[in-house]
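In the form predicted alone, a lone chain appears below as structure tokens.
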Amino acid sequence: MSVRQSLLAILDQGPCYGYQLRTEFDRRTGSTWPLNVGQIYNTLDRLARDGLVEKLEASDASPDATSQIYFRITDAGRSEVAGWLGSPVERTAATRDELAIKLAIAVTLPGVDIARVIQVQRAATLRNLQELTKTKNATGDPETSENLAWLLIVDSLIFQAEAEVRWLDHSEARLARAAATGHAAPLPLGTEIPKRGRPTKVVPA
């Protein structure tokens, strides 16, 4: 998720201060990805450094503004928002998915019940899917933009959970076939000495 572009897009609606931005971000995403104020201000400082936002005195932001430090988007910032909204999100093939890495390592280790690992994960994912579905059903029709934004995120999380269950089923079947053909043996440590690494400390005699 791009916090940088998200905050810029909100600032395109008008000047905001840090805590206000956090509130707006939470309101527009259903608090799915909580941000702390420190993260907000660190991002704003970088945006200001890059010329995408500028700091304002409270009186310049709004006649009713408090004594907070406000930030206003610049023309360069608006161009970045337009570019972000008009381009696809790149999903690289080499994503570091923690669950995929966990299963990949587990299947190479001796004494690991990989089927049990998958069963535990599937049960947790199904519980999550049930909670998400319950939340979606309780939300009702998207009568407001705020509700609609929240439902879009919940739908995304539901589809991800459903895909994870299908992938776990597929992985379980693949591992069962590998076990039946004797291709699921543990992977021992390699015998080849790495050419690089921390040198051995020599202890004086």
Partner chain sequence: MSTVDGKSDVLLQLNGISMQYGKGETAVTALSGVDLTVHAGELVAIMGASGSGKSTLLTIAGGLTTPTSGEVIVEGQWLSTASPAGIAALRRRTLGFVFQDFNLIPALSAIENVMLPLDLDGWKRRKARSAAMDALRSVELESRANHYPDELSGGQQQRIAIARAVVGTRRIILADEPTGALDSATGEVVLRMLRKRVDAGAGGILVTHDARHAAWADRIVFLRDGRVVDESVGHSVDTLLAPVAQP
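No experiment lies behind these values; they were computed from the predicted model shown. Residue numbers count along the first chain shown, from 1. Superpose the two forms; the largest set of C-alphas matching within 1.5 Å is the rigid core.
Just so it is clear, the following notes concern the form predicted together with its partner chain, a form of the same protein that is not shown.
Among heavy atoms of Gln119, some come within 4.5 Å of its partner chain in the model of the complex. Interface residue remark: Trp33 is not counted as part of the site for its partner chain in the model of the complex, having no heavy atom within 4.5 Å. Using a 4.5 angstroms threshold between heavy atoms, Asp26 stays clear of its partner chain in the model of the complex. In the model of the complex, its partner chain sits within 4.5 Å of a heavy atom of Ala123.
For the marked spot (Arg78, Gly86 and Ala100), a heavy atom within 4.5 Å of its partner chain in the model of the complex is absent from each of the three residues. Contact residues in stretch 108-137 (any heavy atom within 4.5 Å of its partner chain, taken in the model of the complex) are Pro110, Gly111, Val112, Asp113, Arg116, Val117, Gln119, Val120, Arg122, Ala123, Leu126, Leu129, Gln130, Thr133, Lys136, Asn137.
The Cα position of Asp113 differs by 2 Å or more between the shown form and the other one after fitting on the rigid core.
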